[in-house]
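Read the single chain below, which is given as structure tokens and is the form predicted on its own.
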Amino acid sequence: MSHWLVLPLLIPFAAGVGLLLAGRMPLAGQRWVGTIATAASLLVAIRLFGLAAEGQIGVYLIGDWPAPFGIVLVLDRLAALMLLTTALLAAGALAYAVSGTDRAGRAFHALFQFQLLGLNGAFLTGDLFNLFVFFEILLIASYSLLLHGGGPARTRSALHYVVLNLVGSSLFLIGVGLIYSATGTLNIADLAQALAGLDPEAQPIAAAGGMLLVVVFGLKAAVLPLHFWLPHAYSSATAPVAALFAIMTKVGIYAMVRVFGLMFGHGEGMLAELFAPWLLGAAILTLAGGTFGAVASSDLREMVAYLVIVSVGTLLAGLALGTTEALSGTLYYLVHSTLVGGAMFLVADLIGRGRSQGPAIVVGGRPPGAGLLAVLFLIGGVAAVGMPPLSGLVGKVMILLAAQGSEWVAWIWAAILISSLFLLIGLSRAGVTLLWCGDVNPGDAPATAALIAPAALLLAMSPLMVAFGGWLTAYTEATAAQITDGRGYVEAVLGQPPASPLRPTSVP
């Protein structure tokens, strides 16, 4: 795999540093640098996705220091899927931003690249401490991106966001320290072995560290009751920033799968089922809270933010089942919800631009070009609710079918289906109010093609995921099997089979 594996970090890092060092480079130049870097990241992500699809696990040793002593980057099927999803979302968000939103503040394009650096690093790192480091990089960039454009609403939301994430970062660091004190290592592959055979007297310390990570990842993913920061933060951010933030909660889900599926997902004793007991309850609460928040929202941007929370609840329901089939459906739904969620933030902004009331869900004038916007809103709404023929239905059906053999099947089916019904009602009300009530002001100009195209292209991913559903589900099934086993990951990183066979268990 050569040096391909380090390019998702080098490209945004070089672009971000270059943009900062360039100082007062004209905005047109910044746009060119950001666009070229983001396009290059997309091409690299496609290349790495193709390599991972062949079944190999790529390992890159920074400084050629062998694991577990050095910094290691690992590309398996899961990491490649997350890299490609991030790159597609970033391309759409940046294309929307260069149409004028990036004028609202300084250093937007540098911060955008640093955000991609943090995201890509979190997905590639094979070390628990460096997962913390990349979390901090993406969070620091997100603090400034959230403030992009200024204003009291963004400042207030950013303050809450910063304070809560600083608390989460402190807990993360304490949890990492506890795990290291119990095992003497932070390499994820090495931890999979160390925790599986940990002495009983050291298990409570490792369990305490693991439970702190549960709280941290739950905060990052906006799991109830740790979700209250998200609606205001996402709804107050500029549209391309909010669209990029659609992947942020999925970083928390990814960390749950990676850490608890590999590190704590094997062996016997109290560590093997550390994550499972609270997962289904959290999933149902998150689904319910997100659904009621979306239906009760008086602003379309806030409604879309609550749709992100609903997607988190659906993903947690899939993880709660703990089977390979459920994990496959969860991964499919993760890609769908990220791309559609990002597109819906852009659509909400397009609708708000053409109304004097903005995206507030109140009767008023229709935006210019309401017919085209209605089509985009309909596609996004159908995909978000999970109705045929789009990818939301496929992902939810995969999770529901995987629940058939579970003792919690009634709870999972009821939570997902009732949520879908209420979302259908809420989105229908919003669409009719915003796009069909009132008259169009002839003096207003319709949204330009440059603004509509990014949202349309992101929404187009939903029917494409259905058209290529057989191939994509085969990939997610192979990914789920690779995660559940864990032995290939450990052997690829450490260069030898596990000292003691890992016992495949539920994921997480």
Partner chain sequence: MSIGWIILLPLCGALAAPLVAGRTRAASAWAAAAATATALAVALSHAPAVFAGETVQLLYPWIPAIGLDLALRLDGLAFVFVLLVLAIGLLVILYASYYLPAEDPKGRFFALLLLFQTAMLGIVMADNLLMLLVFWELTSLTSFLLVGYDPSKQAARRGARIALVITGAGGLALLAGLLLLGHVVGSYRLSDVLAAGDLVRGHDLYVPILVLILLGVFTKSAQFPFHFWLPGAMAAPTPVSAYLHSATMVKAGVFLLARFHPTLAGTEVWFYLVGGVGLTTLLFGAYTALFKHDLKGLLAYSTISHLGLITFLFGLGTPLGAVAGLFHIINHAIFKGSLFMAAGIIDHETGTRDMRRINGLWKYMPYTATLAMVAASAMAGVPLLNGFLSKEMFFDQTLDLDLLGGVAWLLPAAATLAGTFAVAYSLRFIHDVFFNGEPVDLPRTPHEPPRWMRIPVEILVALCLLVGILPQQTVGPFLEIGASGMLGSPPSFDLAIWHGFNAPLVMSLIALGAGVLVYSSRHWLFATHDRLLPRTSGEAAFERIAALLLHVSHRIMAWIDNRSLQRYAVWLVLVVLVLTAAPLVRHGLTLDGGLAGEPVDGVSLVAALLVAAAAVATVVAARRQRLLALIMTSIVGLVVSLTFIHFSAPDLALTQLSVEVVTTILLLLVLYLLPLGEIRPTPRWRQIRDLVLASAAGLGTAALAYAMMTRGYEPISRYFLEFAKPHGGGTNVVNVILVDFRGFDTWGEITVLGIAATGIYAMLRGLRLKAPTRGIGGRPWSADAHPLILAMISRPLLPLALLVSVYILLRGHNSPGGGFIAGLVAGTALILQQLASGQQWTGERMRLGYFTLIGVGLAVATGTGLAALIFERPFLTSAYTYLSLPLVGKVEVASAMAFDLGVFLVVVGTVMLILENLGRLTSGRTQTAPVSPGEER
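Keep in mind it's a predicted model, so treat the numbers as computed, not measured. Positions refer to the first chain, counted from 1.
Beyond what is shown, the protein has a form predicted together with its partner chain; the following relates to that form.
- Using a 4.5 angstroms heavy atom cutoff to its partner chain in the predicted complex, all of L21, L186 and L212 count as contacting.
- Contact with its partner chain, judged by heavy atoms within 4.5 Å in the predicted complex, is confined among 105-113, 86-94, 314-322, 239-247 to 105-113.
- Contact annotation for H336: none of its heavy atoms lies within 4.5 Å of its partner chain in the predicted complex.
- At the 4.5 Å threshold, heavy atoms of L372 stay clear of its partner chain in the predicted complex, well away from it.
- Proximity of D127 to its partner chain in the predicted complex: non-hydrogen atoms within 4.5 Å are present.
- Its partner chain is not shown here, but in the predicted complex it comes within 4.5 Å of a heavy atom of A467.
- Exactly one listed residue, out of Y306, Y254, F172, F264, brings a non-hydrogen atom to within 4.5 Å of its partner chain in the predicted complex: Y306.
- Checked against its partner chain in the predicted complex, the residues I412, A141, L376, L346 give one hit for a heavy atom within 4.5 Å, which is A141.
- Along 177-193, a non-hydrogen atom within 4.5 Å of its partner chain in the predicted complex is carried by G177, L178, Y180, S181, T183, G184, T185, L186, D190, in order along the sequence.
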